[in-house]
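Take a look at this single chain in structure tokens; it is the form predicted alone.
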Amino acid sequence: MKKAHVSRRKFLKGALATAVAAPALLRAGGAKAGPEEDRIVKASKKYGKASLNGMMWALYWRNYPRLNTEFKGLTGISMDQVNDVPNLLIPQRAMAEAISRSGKFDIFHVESMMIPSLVAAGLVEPLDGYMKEAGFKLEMVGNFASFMKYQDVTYALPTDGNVCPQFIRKDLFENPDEQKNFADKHGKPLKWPETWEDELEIMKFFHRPDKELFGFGGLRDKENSSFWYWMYLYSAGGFPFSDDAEPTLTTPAAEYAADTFLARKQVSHPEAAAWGSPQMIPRIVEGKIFSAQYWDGIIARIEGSPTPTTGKWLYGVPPGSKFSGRLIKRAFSAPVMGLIVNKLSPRKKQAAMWSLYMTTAKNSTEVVAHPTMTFHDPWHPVHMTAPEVEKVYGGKAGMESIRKSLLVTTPPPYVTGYQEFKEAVDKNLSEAYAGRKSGKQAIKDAQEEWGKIVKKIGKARIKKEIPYYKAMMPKMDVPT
């Protein structure tokens, strides 16, 4: 997850030297731009030179200086000022810009779930016209490109796939003694879990707190709870709104999702509710977790350089549910970071072209394939088979788990007011996890809060957005 706290002092100490070496690391030999890049350069030149001002967390920006310098040399357009703001704070800053209408910032690097709210605030520049002009085609695995759109209009360009495949400890799962003991206990062979119930059964078997091994390693802190909940809900055939914009968080599928969420407490570390990625990632890397759905950048962290568990993990598609009467598998991608252009900026045309150049198949592969700065995860079909990306993400098995998970990936509620809807579910699930209320009461309370949010935003607006939100759902039940 891209939310670990890194102090400015620590970042400068560890990353400035890397920025100096970045040209050699990113594209050895300084290969020339390809046809797609040439078209963007040609289209950019008629808009003239520009010094851009952007907002992006430093841990993301560090992959772009070489490309930024290259684009400046070709067009005179460059990002000359980068405001280092953590991901969690950029939505508020972007909304503040929408209110002030200063036009100071040209580009915001923000999670795509904010697009409906930012469009409603009048901040975001549509990009389809620029894409057509430059001959740029937005390509993302499966239905993933819909995460960059709102009501069929493209408002963002992707920088980070950030999907969560399944992680299972290979050295334990494939151990003959463990397989025999599981078969003796359960009367069936140990197999890759098809359903959430299968996964829970296997996690219980491998849950050994006395040996510092815990069955489950997903996040259960207040900021991240709902991400897993949506995955459980969608896999059960549920959806959080009716077509008439009424919240549907008290349906049987929603109750099933809450129960599935809470059931993992019995195989989690007792302090999990207070942990984010800064605590959980080291536990996964050190092998103190048996199973998890986690952000794919951890594959690069584990396999890209020697760690205690390099070569000791299996990667695949998360389990699913048969609650609906058929097996449905769903993954989740959040936050999916993208570049949005401020329509209030006097430099918006140059900013749009800069964003296109950074996200071509060739240039985005350079960004994603960096051997040590792995905050940008694969999303383009080209990334899935690029040798330099495979090398960083543990070879073909790691990349195949990412590709298949992207084919069934899902968003959080993609409607205006996303942050408020998310906060209501996070808060109530966290209270249920802490034992202060039941799962049924948690979703009932969240439902009531959602009703108030819908009323505040306007039911007509949400109702208009729901068909596009539904269209973001995967086109298949199980990935192939």
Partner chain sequence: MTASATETAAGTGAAPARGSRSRGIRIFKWTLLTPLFSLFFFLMPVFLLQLYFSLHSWTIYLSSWWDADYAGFDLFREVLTESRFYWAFARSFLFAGLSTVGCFIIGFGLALLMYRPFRGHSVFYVLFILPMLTVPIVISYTADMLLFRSGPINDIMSFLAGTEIRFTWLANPNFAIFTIIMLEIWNWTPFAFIIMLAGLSSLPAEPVEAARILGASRLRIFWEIQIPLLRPVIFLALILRFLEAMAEFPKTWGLLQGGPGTSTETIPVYLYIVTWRAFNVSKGAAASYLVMLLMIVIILSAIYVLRREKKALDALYEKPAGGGEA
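All of these numbers come straight from a predicted model, not from anything done at the bench. Residue numbers count along the first chain shown, from 1.
Not pictured, yet referred to below: the form predicted in complex with the partner chain.
| query | Ok, Pro193, Pro91, Gly316, Gly142: which has a heavy atom sitting within 4.5 Å of the partner chain in the predicted complex? | reply | Among Pro193, Pro91, Gly316, Gly142, a heavy atom within 4.5 Å of the partner chain in the predicted complex occurs only for Pro91.
| field | Position in contact with the partner chain when the complex is considered in the predicted complex, options Ala121, Met384, Leu213, Ala263, heavy atoms within 4.5 Å | value | Flagged contact: Ala121.
| message | Would you classify Glu223 as touching the partner chain in the predicted complex, given a 4.5 Å non-hydrogen atom cut-off? | response | Result yes; Glu223 sits at the interface with the partner chain in the predicted complex.
| query | Even though the partner chain is not shown here, does Gly417 get within 4.5 Å of it in the predicted complex, heavy atoms only? | reply | Contact with the partner chain, yes.
| Are any of the heavy atoms in Lys427 no more than 4.5 Å from a heavy atom of the partner chain in the predicted complex? | Yes, contact at 4.5 Å.
| task | Look up in the predicted complex whether Met114 has a non-hydrogen atom within 4.5 angstroms of the partner chain, and give yes or no. | result | Result yes; Met114 sits at the interface with the partner chain in the predicted complex.
| field | Segment assignment from 150 to 158, 176 to 184, 398 to 406, 94 to 102: heavy atom within 4.5 Å of the partner chain in the predicted complex | value | Contact criterion met by 94 to 102 only.
| task | Please state whether all three residues His269, Glu431 and Ala434 have a non-hydrogen atom within 4.5 angstroms of the partner chain in the predicted complex. | result | Checking in the predicted complex: His269, Glu431 and Ala434 are all within 4.5 Å of the partner chain.
| request: Could you list the residues in 159 to 174 that come within 4.5 Å of the partner chain in the predicted complex, counting only heavy atoms and keeping sequence order? | output: Result: empty, none.
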